[in-house]
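Given as structure tokens, the chain that follows is alone and in the form predicted alone.
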Amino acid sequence: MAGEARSEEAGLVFHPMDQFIVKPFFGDGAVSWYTITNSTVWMALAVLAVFALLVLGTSKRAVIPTRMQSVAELAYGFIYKMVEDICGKDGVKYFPYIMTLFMFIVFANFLGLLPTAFTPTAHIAVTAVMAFAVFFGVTILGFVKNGPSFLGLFWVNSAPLALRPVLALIELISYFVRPVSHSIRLAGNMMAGHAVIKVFAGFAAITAIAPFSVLAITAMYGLEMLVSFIQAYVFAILTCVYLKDALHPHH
């Protein structure tokens, strides 16, 4: 107990996971379904940022684009080409949904890097909703587009006949694991990076290692900026892959 007290006085006690606690944005108290929380506010800010870039930033389109218009057009072309390359022409009609997912995740990730901000994509509850929406959406679409032949996705015709039932079971299990891995990958990466930054920030209180701690924080912050974009890209590209399976289960 004496050791803990001395550590607290020295400022060495820190809790890296406290930054992920969902709590009321106004005041204190219990969190209910109608409570405006820090997670709610930062998700709303991410939506507003997407609206500002894609709607307000392109409202006065010009031959010589502004910076916001250039960024919006770059994001549009980047995701459109990805959807077209992976899903083919049939998948282009679903481009708005994938574009919305990508932009929301990108802005939620980057806004979470601001001081005192909250990162909603570090919560499995948020990423799971998006992942299961993709899972149920592509599954329903697969049956609507292909009927019972969609089940051919799990039957490996190129394998020996004796192995096909085993492979079908493996494919079926891996299919139902998709939303789990889809959501955990994003939430885990965002949570881990932010926690490491908080740990290094805690060591900055020690004078002897403060310079090294600041360098580590700077390096991790730069890495997190890269991870924030990459994880949004990975989420979007996996969505495209799953959509391709729904549209072309026999390919």
Partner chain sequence: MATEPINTELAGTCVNEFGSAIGMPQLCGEWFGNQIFWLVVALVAIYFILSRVALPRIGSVLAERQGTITNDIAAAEDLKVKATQAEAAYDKALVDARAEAQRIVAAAKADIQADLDKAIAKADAEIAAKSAESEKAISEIRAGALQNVEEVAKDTALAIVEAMGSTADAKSVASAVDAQMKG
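None of the values given here were measured: they were computed from a predicted structure. Positions refer to the first chain, counted from 1.
The protein also exists as the form predicted in complex with its partner chain; that form is not presented, and the subsequent description refers to it.
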As a check of understanding, the residue in F135, F104, F110, F150 with any heavy atom within 4.5 Å of its partner chain in the predicted complex should be identified as F104
Taking its partner chain in the predicted complex as the reference, which of A208, L226, A62, L215 has a non-hydrogen atom within 4.5 Å?
-> A62
So in the predicted complex, does any heavy atom of F51 sit within 4.5 Å of its partner chain?
-> yes
Contact of E73 with its partner chain in the predicted complex (heavy atom, 4.5 Å) | yes
S158, heavy atom within 4.5 angstroms of its partner chain in the predicted complex = no
Any of the heavy atoms of Y175 lying within 4.5 Å of its partner chain in the predicted complex?
-> no
TL;DR on 162 to 170, 81 to 89, 114 to 122, 141 to 149: the one with heavy atoms within 4.5 Å of its partner chain in the predicted complex is 114 to 122
Is every one of K23, T100 and M130 within 4.5 Å of its partner chain in the predicted complex, counting heavy atoms?
-> yes
What residues in 146 to 181 sit within 4.5 Å of its partner chain in the predicted complex, counting heavy atoms only?
-> none
